[in-house]
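Taking the form predicted on its own, here's one chain by itself in structure tokens.
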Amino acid sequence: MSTDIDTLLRSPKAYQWARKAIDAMETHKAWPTALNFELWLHYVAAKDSDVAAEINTVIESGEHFTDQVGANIAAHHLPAAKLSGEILNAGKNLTKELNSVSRAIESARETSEIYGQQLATASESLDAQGNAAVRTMVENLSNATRKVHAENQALESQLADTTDELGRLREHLEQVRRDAMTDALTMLANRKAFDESLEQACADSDRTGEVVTLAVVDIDHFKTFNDTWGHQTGDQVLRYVASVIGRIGGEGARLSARYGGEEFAVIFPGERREVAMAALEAVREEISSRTLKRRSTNEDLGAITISTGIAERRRGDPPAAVIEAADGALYAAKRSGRNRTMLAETGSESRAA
């Protein structure tokens, strides 16, 4: 599983990792800002992460690690950095629109109050005044009516414009939400989306009595592949595997996610483990049967394989329990020689396809 930086910083070795990150920043002349500190923590503590790969690319190119370089990496690989800025801008725009509507409504209210006062005064005056006074009063009422009408038209126009703008803001915030739940490299759901979806699927299962099945997938020998061909080619492999897994995850209520590093997961709400087994076996066979080529040089990379563990959740189990069961089946698949799919049994044994 991928390194959780927040958990790492609360571990007994937190100061050791922090010192390693600061030493790395000093070695590569990266200014010790808070953002750079988070990036370089990934670099020293999660060597296989996308952040570490990007930093390695910068180091190997001889490029100086400026604040702008760090900001670009964070915007691409740290969803929180991108999310906070976009939500802040959207929030400012929303506040601006709502303030504008409030001013328009307040203006219309004041105009209506004045109009009401004029009508009350007119009613009192008509009983005591002659024709000339009536003509003056009618003229005043006519002017007041036109003013109210103009104010109401302006308010309607303002409300129409604001409704359009709020619609655009809603679409933008929805896109921000989708971006925050999507892995930038593979375009599958990210870990946050996976955690939320599995928790919801388990809650629905307890309510409806339907099963939930989870598959955890790992690319075999991916670290060796990365070390041999480099991170850019490794990213190419990750995107390819994600595209195959994504096809089965797009059916019905299923969800395909990048769990972390070279690991993926597929949630099968309402589907038995045998269904998941058939789907993941098809994925395994397709991936292992294809010879990949390096995009930049067209060199043959050979075939890659995946190992998968599948577990069917027992009703009442928390999400962590089904993850642990699927992980156990995955590790059993790896111990058995890799390039296989294994089912977690209700007991301690796992069975291969």
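Numbers follow the displayed sequence, beginning with 1. Predicted model, so just to flag it, every value in this text is computed and none were measured.
Not pictured, yet referred to below: the form predicted together with a small molecule.
Note on contacts: among 293, 314, 47, 28, the single residue with a heavy atom within 4.5 Å of the small molecule in the model of the complex is 293. Checking 72, 236, 182, 140 against the small molecule in the model of the complex, a heavy atom within 4.5 Å turns up for just one residue: 236.
Not displayed here, the small molecule is kept clear of residue 229 by more than 4.5 Å at the level of heavy atoms in the model of the complex. Contact check for residue 243: a non-hydrogen atom falls within 4.5 Å of the small molecule in the model of the complex.
The stretch in contact with the small molecule in the model of the complex, judged by heavy atoms within 4.5 Å, is 284-292, chosen from 284-292, 306-314, 36-44, 52-60.
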